[in-house]
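To begin, one chain is listed below as structure tokens, in the form predicted alone.
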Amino acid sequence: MSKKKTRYAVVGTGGRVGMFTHPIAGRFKDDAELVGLCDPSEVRRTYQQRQLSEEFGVPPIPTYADFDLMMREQKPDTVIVCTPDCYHHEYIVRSLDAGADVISEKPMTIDAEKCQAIFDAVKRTGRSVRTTFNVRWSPGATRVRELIAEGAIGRIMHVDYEYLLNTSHGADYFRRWHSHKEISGGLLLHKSTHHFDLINWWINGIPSRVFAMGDLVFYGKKNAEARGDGAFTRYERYTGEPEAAKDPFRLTLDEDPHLRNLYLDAEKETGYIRDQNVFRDGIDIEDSMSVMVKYRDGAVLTYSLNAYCPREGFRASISGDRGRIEYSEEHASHIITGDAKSAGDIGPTRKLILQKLFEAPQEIAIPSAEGGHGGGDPLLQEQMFSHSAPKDPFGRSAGHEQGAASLLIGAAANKSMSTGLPVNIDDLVKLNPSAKVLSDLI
């Protein structure tokens, strides 16, 4: 007797959806079945449908513009939400109320009000919401968690985390819908939620108080003109603009078949321009940010993100009362479109140093792994889609409460930047008051 496959439907068929649809149609086809693709763009959803059939040999997946019709006709067990961030809560709540569980791309949502709506829907329906934090699953990040859990540096007192986005990957947020805070919540929601979650998970901590400062200091028309780069501001987009031929920030959609099919061919239908000039007016997110976070157990995080650096990666220093862990990664040029590396680029490198008090530092080996996000994606996909996934000893799966613990740092940081005052997390959304550590949260 064959096993019953879990039925999955997707809402939002842009650039990220392949992370979910490809393993369902391929590696985990015996356990999972894709039953619907929903997107307001017919061009995008039929492109994804065609790509899945050509690459994996599956029959054409039913496509929908109407989400509720898809839910009624297909009755999926789980809905995967890959829309722009400001719509996540809407489709999460509608899915839960329709009787389905949810897997949501990070961030789960972008502000406290939307987060509370998700909490209320989970309580009302008894269904589950999973947030995909790929970085938890990478070998380097997992090794750091393991060392801390073993007590290698004792009680955690302080974390310093610096993230650098370069002028390829970092600039890309300023070409897209992400450059509007009402849609993405800004980089402290869309990008930093990975980092905040990683730190929460590493130290098994629940954030309680946040203070932040940030501004738009590099991208945007006024900044370009102020430093003498006004020539880069004379066009609204890059594709089809001869004047942009030598602009190092350009992205040309007609040169990339995937981007052309997803976005350029859909422009007349959607009005969405994927390759907007990063030095235009109208950008209202920050590109330089600093955040301080106090945790329930007294630990403190200092965090910075800059989106215009000459290289990409991060450095994390974790100090405990028995020693210190230093972990760093340098990343390749661009993880979104697969652009070729520019001159001088290096491949991904990782370094992990453990130094206990009164002892010499030692470099800790990190296992190598294949796949996106440093090898984390295949492990996460197995946990999501396989009926026989191994038990995870590191607690890397995140439900709605752990997803909220990450996004609420960003939401509190946004409020702090606007008011100039520190913000208490529980004044936004009350996380379980009896929980002492992150692993106490779902």
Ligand SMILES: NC(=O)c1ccc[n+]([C@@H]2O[C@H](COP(=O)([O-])OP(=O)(O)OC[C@H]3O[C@@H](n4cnc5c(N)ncnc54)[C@H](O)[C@@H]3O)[C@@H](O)[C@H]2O)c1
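Just so you know, these numbers come straight off a predicted model, no measurement behind them. Start at 1 with the first residue shown and count on from there.
Another form exists, predicted in complex with this ligand; not displayed. Remarks below refer to it.
Although the partner is absent here, Glu105 sits close enough that one of its heavy atoms falls within 4.5 Å of this ligand in the model of the complex. Put simply, His373 is close to this ligand in the model of the complex: some heavy atom of it is within 4.5 Å.
Not displayed here, this ligand is approached by Asp85 to within 4.5 Å at the level of heavy atoms in the model of the complex.
Looking at His190, you'd find a heavy atom of it within 4.5 angstroms of this ligand in the model of the complex. Remark: of stretches 204-212, 293-301, 75-83, 316-324, the one touching this ligand in the model of the complex is 75-83 (heavy atom within 4.5 Å). In the model of the complex, Arg176, Trp177, His190, His194 are the residues of 169-194 with at least one heavy atom within 4.5 Å of this ligand, listed from first to last.
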